[in-house]
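Below you'll find only one chain, the form predicted alone, shown as structure tokens.
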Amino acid sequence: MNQIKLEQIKAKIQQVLKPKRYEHTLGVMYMAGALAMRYHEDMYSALFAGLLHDCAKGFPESALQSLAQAFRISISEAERKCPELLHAKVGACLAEKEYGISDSYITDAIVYHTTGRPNMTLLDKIVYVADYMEPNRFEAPNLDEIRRMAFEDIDECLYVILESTLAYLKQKNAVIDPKTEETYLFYKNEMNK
């Protein structure tokens, strides 16, 4: 049943996403599945979350804002400044309403795949890390090291990715969601314990 549903969603999502985004999505899905096997997480939860994590990516900002309003999603100040950030929250709602994923463990992993959150679930971590290092990514710094680390210590890997992401966003003078900074500080504290 899970495999059939996965194939149905895969076919449907391929129609929605641009080819490059679909390729990325498959990379995240397979990497999330591999990490799930490594860390004894439910593989299908990871596959569904990976497949649907960017289901609202590429929507025009006006569509994201309209969908957020329709789904009664609260919009943060960072999301007002950079509506593209809404793709995670809108994507979680679409996962439920359009793709039939009612498990909040999976939809939460979709919500937090861009910002993270303090005290992330294992599935949250898996999708966040898989999104950063999937095989079609080549530009992030230290990818070989991060890919190795992901299979050795997912918490340390998560921390390194958060640190790198914040440094990159600050360098670009980009909007930083406070949730990302909260997450970084939480895991910095965890690493120092």
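Numbers for residues come from their place in the sequence shown, where the first is 1. Worth saying up front: this structure is predicted, and the values here are computed from it rather than measured.
From this point on, the text means the form predicted together with 2'-deoxyguanosine-5'-diphosphate, which you will not see here.
Shown alone, this chain has one stretch from 68-76, 118-126, 83-91, 101-109 that lies within 4.5 Å of 2'-deoxyguanosine-5'-diphosphate in the predicted complex by heavy atoms: 83-91.
Proximity of residue 10 to 2'-deoxyguanosine-5'-diphosphate in the predicted complex: non-hydrogen atoms within 4.5 Å are absent; the residue sits far from the partner. Using a 4.5 angstroms threshold between heavy atoms, residue 176 counts as touching 2'-deoxyguanosine-5'-diphosphate in the predicted complex. Under a 4.5 angstroms non-hydrogen atom cutoff, 2'-deoxyguanosine-5'-diphosphate in the predicted complex has residue 168 among its neighbouring residues.
At a distance threshold of 4.5 angstroms between non-hydrogen atoms, residue 20 is out of contact with 2'-deoxyguanosine-5'-diphosphate in the predicted complex. Counting a residue when any of its non-hydrogen atoms is within 4.5 Å of 2'-deoxyguanosine-5'-diphosphate in the predicted complex, the hits in 118-138 run 131, 137.
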